[in-house]
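Next up is one chain by itself, shown in structure tokens, the form predicted on its own.
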């Protein structure tokens, strides 16, 4: 029996930031990053907040938010006695705010805090998920947290906030969306509802990500990618993810590669592993997961007369998209030195096996399978 709850109210489209004008007499704890302050983008929030509100700005968020920053945020949140948290920024700001809310609930017993997420990148889908990722910088480890207490009550998706995102970040975050959608579709927890969300998200990515990359001022493309990110987040909040993210969490931390780019590098090789794809294998050798990938191929108009062809078509389409986005396709292209790679690959494989996302992968991997994926990703 599956249970699906959509607990987040979603405001989407141009002008949705005006939702902020409806709050009065609130103590608002704003979680954001230094760029939002320096760039002046944070003013888009404050110019809509009524003077009756009191605000505290916590702007110490950095990529892959470390435990120390989250801990400081929890303490400050308690001291300020906020009744509303607004996280505005990329996935790191939203993830950090979610972790702060969770620990404030568990440690400080702060239960009645409304939480609103306003993403300024189209990638993580964090505004509608129970997931958060924080890091231990000393150990080079990322810790995925999963708890429904972290779900925002509201998500505001205004494409005006993503117009200024640089093209390379648009590419990285967009490929993160695609990975979320594909992993949700083949997860062992997938169902008809998650399939619909994931498939629509994937269609939007293939259609609109190249446009958003080529022209950041294309508001239609920006809005569609914002929506795709949210849809994919809703999908994997139902299904969890898979081996792609299991490896990416560990390898991204070890090699200092942005999360979306790491997912993009892995995606073709994880698809081939899950499909048990081997050049020359016949129709009768395809498995259920290969057939699922073929469904995705058909949904975006690719050739898929059988599962084998569908897998091949999907992998080639992903590689073509990577080329359109001028993204690296190997770890070597990302500047990872071979000595470091050889030193780290077994440790990465062992860490990926322990990652919670790997548990819902459609094919159970061994450490040797992950090392083989990493080898291909480094040298191919």
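Note that the structure is a prediction, hence the values are computed from the model and not measured. Positions refer to the first chain, counted from 1.
In what follows, reference is made to the form predicted together with a small molecule, a form of this protein that is not presented.
(Q) When the contact criterion is heavy atoms within 4.5 Å, does residue 91 count as touching the small molecule in the model of the complex? (A) It does: once the small molecule is placed as it appears in the model of the complex, residue 91 has a heavy atom within 4.5 Å of it.
Q) With the cut-off set at 4.5 Å between non-hydrogen atoms, does residue 64 touch the small molecule in the model of the complex? A) Yes, residue 64 sits close enough to the small molecule in the model of the complex that at least one of its heavy atoms falls within 4.5 Å.
Q: Tell me, yes or no, whether residue 164 is in contact with the small molecule in the model of the complex, where a contact means a heavy atom of each within 4.5 Å.
A: Contact check for residue 164: yes, within 4.5 Å of the small molecule in the model of the complex.
Q.
Whether residue 98 contacts the small molecule in the model of the complex should be assessed with a 4.5 Å heavy atom distance threshold; does it?
A. The answer is yes: residue 98 has a heavy atom within 4.5 Å of the small molecule.
**Q.** Position in contact with the small molecule when the complex is considered in the model of the complex, options 194, 264, 274, 120, heavy atoms within 4.5 Å
**A.** Flagged contact: 120.
Q: Let me know the one among 293, 115, 208, 131 whose heavy atoms come within 4.5 Å of the small molecule in the model of the complex, would you?
A: Here the answer is residue option 131.
Q.
Which is the contacting stretch out of 311-319, 23-31, 36-44, 331-339, given heavy atoms within 4.5 Å of the small molecule in the model of the complex?
A. Flagged stretch: 36-44.
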